[in-house]
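So here's one chain in two forms, each on its own in structure tokens, numbered structure 1 and structure 2.
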Structure 1
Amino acid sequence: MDSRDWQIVRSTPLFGTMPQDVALSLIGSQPVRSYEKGTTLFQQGEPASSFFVILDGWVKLFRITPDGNEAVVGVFRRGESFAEAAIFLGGRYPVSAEAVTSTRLARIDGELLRRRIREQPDLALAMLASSSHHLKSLVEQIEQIKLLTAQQRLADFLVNLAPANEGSCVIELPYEKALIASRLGMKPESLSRALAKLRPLGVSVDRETVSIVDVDLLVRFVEASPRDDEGF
């Protein structure tokens, strides 16, 4: 782990608030590992001994049903941590994880973390904040699936990717469209069509490059009732 990596770790809400030496003792001893695209990091139901911070790349969390269908419940990027919760859940991962690009991860040992929490109560508050943050994003995801159309969910996804929340911009899709589709709770075909239907709102696509004429227009489209899209 070089200083660039360390900087990333310290930028997370979890490791950014704790004293430097505590963070070092948690993460320093563990080697950073690289994973190829497509590597399974852990599987749902597996004993959970540790959690991760992403130093580079993208990771997806998903659930698999008995018949093989898959639901993506989160996609994380550099600077984000995941699977913290598993440590406290009877020690089993409730989801599976896979590297969707080639990836570098720092692994934090769960038992060590629990010991540190006992010695260092502020650490617990940081963990709770981090866990609460994940909770909130899941709630938002549920809200989205339940009351937005596929087009609106996609528009929201693009808005969150955009650097500013007004004016025009050009963004690169961070990972495969099939994964974006799954993340947004739809099929790849539907994503394709949804993208096409956003054209009148100033969204044009070429490969993985998306140009947005006016981000604010998209924001207003997302906030509109699913039904009154006449005006657009």
Structure 2
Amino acid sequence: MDSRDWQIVRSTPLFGTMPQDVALSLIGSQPVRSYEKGTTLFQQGEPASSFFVILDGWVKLFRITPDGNEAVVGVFRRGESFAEAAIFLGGRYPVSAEAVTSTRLARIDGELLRRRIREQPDLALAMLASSSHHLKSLVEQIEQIKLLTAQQRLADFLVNLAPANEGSCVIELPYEKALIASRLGMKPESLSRALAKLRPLGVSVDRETVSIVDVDLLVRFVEASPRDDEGF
């Protein structure tokens, strides 16, 4: 793990709030592993032995419904951690995880973390910080689905991928459009319609490449009330 990887680890709510020597003891000697797109990291119901920090790439968490369909629970990117709560919740993963791009992960042993918490109970506060962060993200995602139109949710997704909040830019969609649609709470055909409705705002798409004329315009579109978005 190089200095850049370590900075990413320390930026997470879990490792950013604990003493550096403890963080080093948990992750410093753990190897960083690379995974190809489509690799299953763990499956729903398996013993939860580890959790992960994403150093590069994207990972989706999903459940298989009783009728065999896939329900996406979340999509995580560089600088985010996932599955840490599972090592305390009955010892089994409640979801499956898959690398949706080429991905580099730092793996943290769950038993080692539990042992450290028994030795230093204050570390439980770091776990609470991480859990609170995940809960906040989930609440924001639900709020978006309920309060924003499909094109506003898509515009917000693109804004978060943009390198700055103003000016023009060209970005690459990080993963398949079908997964983006699922992440945003819409069907693939709805995503296509939403993309078309963003053209008057200077958004053009060529396969996986998105060109944005003015990111600030998209930001203001997202912040507008659903009744006002027709004015853009």
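The first residue in the sequence of structure 1 is number 1, and each one after it adds one. Only the largest set of C-alpha atoms that superpose within 1.5 Å between the two forms is called the rigid core. Values in this document were obtained by computation on a predicted structure and should not be read as measured data.
- Eyeball the pair and call it: which is the form predicted alone? Looking at both, the form predicted alone is number 2.
- Examine residue 99 after superposing the rigid core and state whether its CA is displaced by 2 Å or more between structures 1 and 2. No: residue 99 shifts by under 2 Å between structures 1 and 2.
- Task: Classify residue 197 as shifted (yes) or not shifted (no) between structures 1 and 2, where shifted means its C-alpha moves by 2 Å or more with the rigid core superposed.
- Result: The answer is yes; the displacement is at least 2 Å.
- Task: Determine, after fitting the two forms on their core, whether residue 61 shows a C-alpha shift of 2 Å or more between structures 1 and 2.
- Result: Superposed on the core, residue 61 moves its C-alpha less than 2 Å between structures 1 and 2.
- Message: Rigid core superposed, I'd like the Cα shift of residue 209 between structures 1 and 2 in Å.
- Response: After core superposition, the C-alpha of residue 209 moves 4.6 Å between structures 1 and 2.
- Message: Rigid core superposed: how many angstrom does the CA of residue 184 shift between structures 1 and 2?
- Response: That residue's C-alpha is offset by 2.4 Å.
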